[in-house]
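Starting off, we have a lone chain in the form predicted on its own, written out as C-alpha cells.
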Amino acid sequence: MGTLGAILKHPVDIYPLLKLRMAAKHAEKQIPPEPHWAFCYSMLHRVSRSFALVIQQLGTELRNAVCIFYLVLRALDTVEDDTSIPTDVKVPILLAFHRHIYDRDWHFSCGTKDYKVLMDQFHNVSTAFLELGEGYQEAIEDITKKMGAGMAKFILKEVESIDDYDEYCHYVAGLVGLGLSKLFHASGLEDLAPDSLSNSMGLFLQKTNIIRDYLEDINEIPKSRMFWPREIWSKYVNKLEDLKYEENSVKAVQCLNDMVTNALIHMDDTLKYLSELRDPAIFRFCAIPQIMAIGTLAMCYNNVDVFRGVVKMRRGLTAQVIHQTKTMADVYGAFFDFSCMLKSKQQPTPAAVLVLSVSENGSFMYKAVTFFAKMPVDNSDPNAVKTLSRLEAAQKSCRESGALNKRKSYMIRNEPRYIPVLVSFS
C-alpha cells in the first residue's frame, strides 16, 4: 500500500518507474553465462541494485572492469565493517587484500547475508579479475592496496578532526573516484581526470552516505561505527551517540546541518569533473549518483528524522533522476533544483506546496499553493550563513552554464520559497 500511495501522490513518477522496472529486467537478462561472471553480476544485483542499474550505461569491456572493481572494494569494505573481527586479524587482511585478488583460492568468511556469500565465494571475483586487461588489473590493484592501507590506519585511529574526516573519506571513497578515472582512461574513452576532482567526486558521495547512515552506524552491534568528526559533533554534544536522543533534537539538527555544509564544499569540483567527460555512457554512469547525493543532502538537511530512522529519496524520484539524466544541462538543472530545496529549508515563511500532474499531451505541469509554515530551524542556525554561501556559489555555476532552461525541472521556479517534502519524500 505504501508504494501505491506514493504513486497516487506522485503520478509523474509512473512512467520513470516503469522504465526503471524494464531496465532492471533487461539488466538481469544481461548476466553472462560463464559461472564466475554470472556470480559477479548476480552478486552486484544483490548488494547494490541501484549500482547494478547505473553500470548498465557502460560498454561491455568497461562494465566488466567496473563490476569487478566494485565487488573487490565491496569485499574489502565488508572486512572493514565487520566489527566482530579482532583488530589483530582484520588489519593484516586489509593490508594484504590487493594480493588476495590474484589468488583464485582465497576467501575469508565474514559479513552477513549477501556480503557473507560474496566473501565465501570470492574466488569467482578473483577468477573474473584475472580475465581483465592488464591496464584494468593494475588500476584495481593500486587502488585496493591504497584503500586497504587507509582502512587499516583508521581501524587504529578515530576520526577526530575535519582533516581526519577528509582523509578517511579519501581512503574509502576518494580513491574510488581516482580508480574509476583510471579505468575510464584505460578504456581509451576519457582523458585522465585530475586527482583533486576525482577525489571530490568520491568525497561528495561518501559524506552523503555517512550523514544519512548516522543511526545505522551508531547502533551497530557489537560496536558502534563512528565516522562523524569530533571537531564537528563536540560543538553540540558530549558524545556522538547523544545526537540520537530526543532531548537533544535541536543540537542534533544543528550538528547535522554542520555536516551537510561540510559536504557541500565538493559541489563545484563535482560539476567540473562531470562537465569534462566526453563519453555519454560514462557521463551518465558518473552523473546519476552525484545527483542522488545532492538530492539526499537536500532531504537530510534540517531533518531530525536522520536521528530517528532512514531518510532517502523516494523510489519514484530516483527513477526520475535515472530517466532524465542525459546531458550536462540535466546535471546543472538538478543541482540547481536540489540546492533550491535545501536553501528553502533555511527560510521560515512563506512556503509553497508543489502539486505535480501530467497534462493531456503528456507534459509535466507544476502548480504551487502558497501558505505560511514555520520550519524547525531557520536562519538562526549557526551554520546558515556558510551553508547559504556554498549553495549560492553552486547555483551561480549552474546559472552561468546557460543550461538551466534546457531540461525538465524537479521543482517550480517562480515561487520564492518551497516546501520540498512533497517532491522529495514518499
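Quick note: we count residues from 1 along the sequence shown, nothing fancier. Bear in mind the structure is a predicted one, so any value in this text is a computation, not a measurement.
One more form of this protein, predicted in complex with a small molecule, exists but is not displayed; see below.
Taking the partner from elsewhere, every residue among Phe51, Ala173 and Leu180 has a non-hydrogen atom within 4.5 angstroms of the small molecule in the predicted complex.
Scanning Gln206, Thr270, Gln320, Asn257 against the small molecule in the predicted complex with a 4.5 Å heavy atom cut-off leaves one residue, Gln206. Checking Arg212, Lys343, His98, Lys90 for any heavy atom within 4.5 Å of the small molecule in the predicted complex turns up a single hit: Arg212. Only one of 231-239, 333-341, 284-292, 156-164 places residue heavy atoms within 4.5 angstroms of the small molecule in the predicted complex, namely 284-292. Although the partner is absent here, Gly202 is a contact residue: one of its heavy atoms lies within 4.5 angstroms of the small molecule in the predicted complex. Under a 4.5 angstroms non-hydrogen atom cutoff, the small molecule in the predicted complex has Tyr70 among its neighbouring residues.
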